[in-house]
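Here you get one chain, nothing else, as structure tokens; it is the form predicted alone.
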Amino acid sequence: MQDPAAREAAIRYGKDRTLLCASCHGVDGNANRPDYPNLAGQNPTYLVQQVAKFADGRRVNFVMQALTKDFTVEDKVNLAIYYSLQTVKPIAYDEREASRGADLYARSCFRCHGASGKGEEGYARIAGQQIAYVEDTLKRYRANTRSSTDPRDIRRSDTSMEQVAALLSDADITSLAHYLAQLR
């Protein structure tokens, strides 16, 4: 990122590599569907880590695993740089839900994701994220904590997120999702 010429090359190659990513995540990293995550503005360290997890099977998603298995380290870094420099577009949210979610966020999320939701080193930027995606993700983390969850159904696991999500009701999750949607 310090070398302007290298940064510009990474952006160019990263954008070229988004050809397959764009159908779900958008060319500029703003997801085309509400149940897919925005990658625009995402923490580049986090993106590289997640792509690596898809590639080696620690995160389970057929399409993502198929796409990422052939990514080189350079591909991962270029994509991460490209998406991290894109701007998150505003999405519609419910102001009342967002207001309720602010207190939940302050109690449960800010330590890792920061006061503005932009993430700390290695943590996801969740500011401006898709509402349906946040809801689905938090419910999956919560489901992982239940003994009835079949290990084959766990697509993503994180002990810290599971501990937080285990304490959230569906209403809490909805409020948090709306709060995150309005953050920039």
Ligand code: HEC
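Start at 1 with the first residue shown and count on from there. On a predicted model such as this, the values are computed, not experimentally measured, just so you know.
Another form, the form predicted together with the named molecule, is not on view; read the next lines as being about it.
- No member of the trio Tyr93, Ser169 and Leu183 reaches the named molecule in the predicted bound form with any non-hydrogen atom inside 4.5 Å.
- Within this chain, Cys24 lines the site of the named molecule in the predicted bound form, having a heavy atom no more than 4.5 Å away.
- Within 4.5 Å of any heavy atom of the named molecule in the predicted bound form lies no heavy atom of Ala10.
- The named molecule in the predicted bound form is approached by Cys112, whose closest heavy atom lies within 4.5 angstroms of it.
- In the predicted bound form, at least one heavy atom of Gln50 sits within 4.5 Å of a heavy atom of the named molecule.
- If you take 158-179 and check each residue for a heavy atom within 4.5 Å of the named molecule in the predicted bound form, you get Asp158, Ser160, Met161, Val164, Leu168, Leu176, in sequence order.
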